[in-house]
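Consider the single chain below, provided in structure tokens and representing the form predicted on its own.
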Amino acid sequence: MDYSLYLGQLKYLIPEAIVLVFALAAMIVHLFAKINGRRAAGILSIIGLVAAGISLIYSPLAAGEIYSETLSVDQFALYFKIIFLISGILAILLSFKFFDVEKSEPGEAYYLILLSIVGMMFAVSSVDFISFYVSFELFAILSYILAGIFKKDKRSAEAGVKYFILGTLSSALMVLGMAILVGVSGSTTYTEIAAMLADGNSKIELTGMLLLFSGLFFKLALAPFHMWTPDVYEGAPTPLVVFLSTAPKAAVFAVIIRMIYVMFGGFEMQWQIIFQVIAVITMFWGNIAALTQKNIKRMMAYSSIAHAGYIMMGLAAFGTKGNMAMMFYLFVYLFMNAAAFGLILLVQKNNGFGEYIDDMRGFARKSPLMAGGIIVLLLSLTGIPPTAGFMGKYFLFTAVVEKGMYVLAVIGALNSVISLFYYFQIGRAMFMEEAGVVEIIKDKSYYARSVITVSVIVILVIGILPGTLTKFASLSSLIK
């Protein structure tokens, strides 16, 4: 068999190859370096992610599908690969601070993040069920391990076990859906399946699509598939939650967008109704549950559920503007989320971190600049100008209104108002209440402060000047 064609197509996978090589290098350094091997593995991982990001600029895009029509290396996939790389860098930087305080540094976390990113990069390029499922399980299984990386910590171990059990069940649903679609079409390739599903009338085909989406909805923490989220976010190490709550979600949204565009166009009436219902339930469930939370990590878990509901509005309004709005929002949510969890790393309590709203009392008096940055973050999460979060919601609501979904737009706006009440519990504690017994960590390494500062700057710049990101998201959309 002549493999020359496949060898020639390796040029399209240079970023993935770089991440994989640096993951292996970080593993070797962690296992065999006698001095500071764990921290060296983390530094090496960041270098690898930066190198992969640079290679994305120069790597060519494939004109069509490669490797026997299983992968599509296009502008759409490139956009999401950038999100994965940035998410990995931010998570590793925050991990340095977290592990310094915890006095325990599981070096394997660094290269597991890189290997997980490799899976995501292939998943967003996949146009075949086999390549998609292998890629999906690669980052899904590694996500379970990362959640329970502190094996001796009860909360972390519980988070990993819960995530694994429920994730396995969701994968079973997804595989069953794929099996039905493959059985009906006789092929695993998206385009060939699409040809058999063109009429969109068969109940068995609809069942396959629903089962497939149900498995994917779990990874997005959409109601009623969200039950794992609060416990996993609370129990997993804070920096790894930054990664788990952004990169995998972006990957799954990308997968769904591609599947809708390529395969499920004939089911537009059905999935449009499903997405609207899921969006409404998810927004209300996430925001109302967050109102009662005193633990910031659990609050942000429910917040992430609500934000997934906002993005589902873009899926319901699938099209040129809906796609751009989703891609825009996923990018800015990455920085909003990183800054929110970075706040926790600035407050020390009992040789650990203050994870409760009461632990933030008086924070503004001790660190006014960081407190000001957090207020910008809260404004962005709520959707108040002049922040990137406001622009993201504006684009989502505009796309929904142009599709005639006025009720959905009103519900989205109502939920943004609800979110104001719990986000600014944090602001009230920081600025309006007396300082508690906790102390602000002297962040001599500046890892957490740097991540928060960069995130706030990005949020403000994109909020005031959204044109560049808007144009990039539009060019990267599957629908031009």
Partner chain sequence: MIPINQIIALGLIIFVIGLFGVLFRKNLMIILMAIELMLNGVNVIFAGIGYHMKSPVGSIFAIFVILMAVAEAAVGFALALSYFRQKKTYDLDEISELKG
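Residue numbers count along the first chain shown, from 1. None of the values given here were measured: they were computed from a predicted structure.
What comes next is about the form predicted together with the partner chain, which is not displayed.
*Asks:* I141, I89, V401, L210: which sits within 4.5 Å of the partner chain in the predicted complex by any heavy atom?
*Replies:* Contact residue from the list: I141.
*Asks:* Just one of F284, F267, F96, Y133 has a heavy atom within 4.5 Å of the partner chain in the predicted complex. Which one?
*Replies:* Selected option: Y133.
*Asks:* How about G372 - does it come within 4.5 Å of the partner chain in the predicted complex, if we only consider non-hydrogen atoms?
*Replies:* Looking in the predicted complex, residue contacts with the partner chain do not include G372, since no heavy atom lies within 4.5 Å.
*Asks:* V161 versus the partner chain, in the predicted complex: is there a non-hydrogen atom within 4.5 Å?
*Replies:* Close contact exists here: in the predicted complex, V161 approaches the partner chain to within 4.5 Å, heavy atoms only.
*Asks:* Closest heavy atom of K154 to the partner chain in the predicted complex, within 4.5 Å or not?
*Replies:* Yes, contact at 4.5 Å.
*Asks:* Within 4.5 Å, heavy atoms only: does E234 come near the partner chain in the predicted complex?
*Replies:* Close contact exists here: in the predicted complex, E234 approaches the partner chain to within 4.5 Å, heavy atoms only.
*Asks:* Any idea which of 385-393, 247-255, 333-341, 122-130 reaches within 4.5 Å of the partner chain in the predicted complex, heavy atoms considered?
*Replies:* Result of the contact check: 122-130.
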